[in-house]
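Let us start with two forms of the same protein chain, each given on its own as structure tokens and named structure 1 and structure 2.
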Structure 1
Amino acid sequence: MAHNMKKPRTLAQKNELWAYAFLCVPIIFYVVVRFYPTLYAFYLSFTDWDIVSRDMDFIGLENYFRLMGDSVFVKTLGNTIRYVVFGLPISMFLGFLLAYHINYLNRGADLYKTIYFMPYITSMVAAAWVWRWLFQPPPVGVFNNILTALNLPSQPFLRSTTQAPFAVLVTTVWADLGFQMIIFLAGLKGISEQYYEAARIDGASNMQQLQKITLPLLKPTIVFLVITGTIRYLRIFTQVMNMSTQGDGGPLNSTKPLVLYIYDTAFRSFEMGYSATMTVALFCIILIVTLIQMRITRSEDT
């Protein structure tokens, strides 16, 4: 320690320097690749930049006013909300149903987990192609072939404005419910067996145990899944782009989600400013959803 005489540093100070040394590259990364782009997106949302022209004109709130009168925006927002409102509860219900049953199995649990989880890790583009093929019109599509074999009328599926959103939902729920199942399983494993033993001594039925013990104790898990799921479903994009024939969320915008409209506006019409405005809107929706979650989980703790 003698050579340290000149600049006496305590271990704590030394460690503080090490900590900053470890963090300097990551901090630069987060500033340059996360925070600066976020602010830049906000800035772009107040400009009419169209990528072709050199200058970015600051136009104030004009894009935001345009947003409110944009019928395609309203339509795609409606479609997105429809995916959240119908897709999420169905995939959560199925995820819970599966987790609930897998949880008290002695044998085969791992096999079932693998089967249900597989779609979640599958490439959404690959999955979208497979489902797109299943939904093709006769004589190509598998579902229509099956319908024909059963002497039932064939269906237009992806070519119908009423059936196509449903086809997208089926694909999405299929891909997503494995995630809900795994999280529900973790939640169920966290409930102490003693609660159930006590309930059984009191003569509670399975249904009563589910209502009085399982579901109330799963509340944090359910809140987590509702919020993360809402965010995931708000961002639906890949499956719709790859399932619609022109990659445009058709027919007639019936399946087009918000993110696909954002993509089209930026990278097909090159209206960067207006597209950025829509990403800000998406960000605000996600922020509100997240704040609600923090509120609920906080009141849970106290």
Structure 2
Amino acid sequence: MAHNMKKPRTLAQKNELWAYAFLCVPIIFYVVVRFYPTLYAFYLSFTDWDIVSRDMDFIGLENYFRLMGDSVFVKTLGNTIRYVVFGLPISMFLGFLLAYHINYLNRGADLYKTIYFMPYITSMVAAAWVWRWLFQPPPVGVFNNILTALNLPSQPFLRSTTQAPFAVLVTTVWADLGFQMIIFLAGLKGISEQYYEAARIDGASNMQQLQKITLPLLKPTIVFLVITGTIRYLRIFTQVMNMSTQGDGGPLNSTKPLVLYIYDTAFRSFEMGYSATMTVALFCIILIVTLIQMRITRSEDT
């Protein structure tokens, strides 16, 4: 009789059970909100579902074959890569420049940090419309009014296939700058002052301290910003949609990123199956880029 009685759980065992219970909550959330939609997108990519009907025919790899011959997909993928290649290095360089100089300030640093970080927490929709107004033709657009005041010819900006991508890029870099600066600043604060004191005793200049101490010790910060920034720039959407005349990434798809093309295909053309195929392609691109960056980082550490 005594052997059948269960031993009461200890306090440590009870705490362990509560820990498992609380940790299950975010796992369930991720499974429902993240993993299930991702797996479902893979399934949809093999169908021709049009979102407005219940018919969902399995068509195998047909969407993937169509993707390889889609000139708009190639164009939007090229635009997206261009945003990453040009936008990310510029925003990181400017973010580091700001953080490097703010780190030397004894007074007023908080004010500068607030001013530069404000764009990052501002609604991208509101910011995009303000920038759209700035790039308008005269007499509405501020930039063109400045050019006119300087006796320079006005520019089409968002109405030009060559200038519109740079106008979008300027807006994106401006909005992203505060995040880069704050992370760089946190990295700079983590470097011990003893390294710089030793370098100054050895007669090292500011540039030598930057090259030999600051940048090498900021490597984990730089890697983090490169990975998260690449993912962020590959998913550009809001600013392009709100700065385009019809929200279509024009003129002539010159500013349209891949995410906007996915949105148009799903909710304007009602081709959910083909849209899911492009989503899978973007997922694979982000995954490959992230794995390559992590592999490079790991190989340099060893």
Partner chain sequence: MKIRKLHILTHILLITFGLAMLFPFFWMIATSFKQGRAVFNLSLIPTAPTTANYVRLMTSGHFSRWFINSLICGILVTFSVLFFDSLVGYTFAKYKFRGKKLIFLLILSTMMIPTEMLVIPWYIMANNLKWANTYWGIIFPGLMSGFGTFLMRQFFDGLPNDLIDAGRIDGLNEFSIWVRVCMPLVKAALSALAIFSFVGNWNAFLWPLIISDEITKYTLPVGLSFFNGEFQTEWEMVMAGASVATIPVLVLYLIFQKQIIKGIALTGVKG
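Rigid core here is just the name for the largest C-alpha set that superposes within 1.5 Å across the two forms. Residue positions are counted from 1 along structure 1's sequence. Quick caveat, the model's predicted, so the values are computed rather than measured.
The form predicted on its own is represented by structure 2; structure 1 is the other form. With a cut-off of 2 Å and the rigid core superposed, Q293 has a Cα displacement that reaches or exceeds the cut-off between structures 1 and 2. Core-superposed comparison between structures 1 and 2: the Cα of Q246 travels less than 2 Å. With a cut-off of 2 Å and the rigid core superposed, P26 has a Cα displacement that reaches or exceeds the cut-off between structures 1 and 2. For V52, the Cα shift between structures 1 and 2 is 3.4 Å when the rigid core is held fixed in the overlay.
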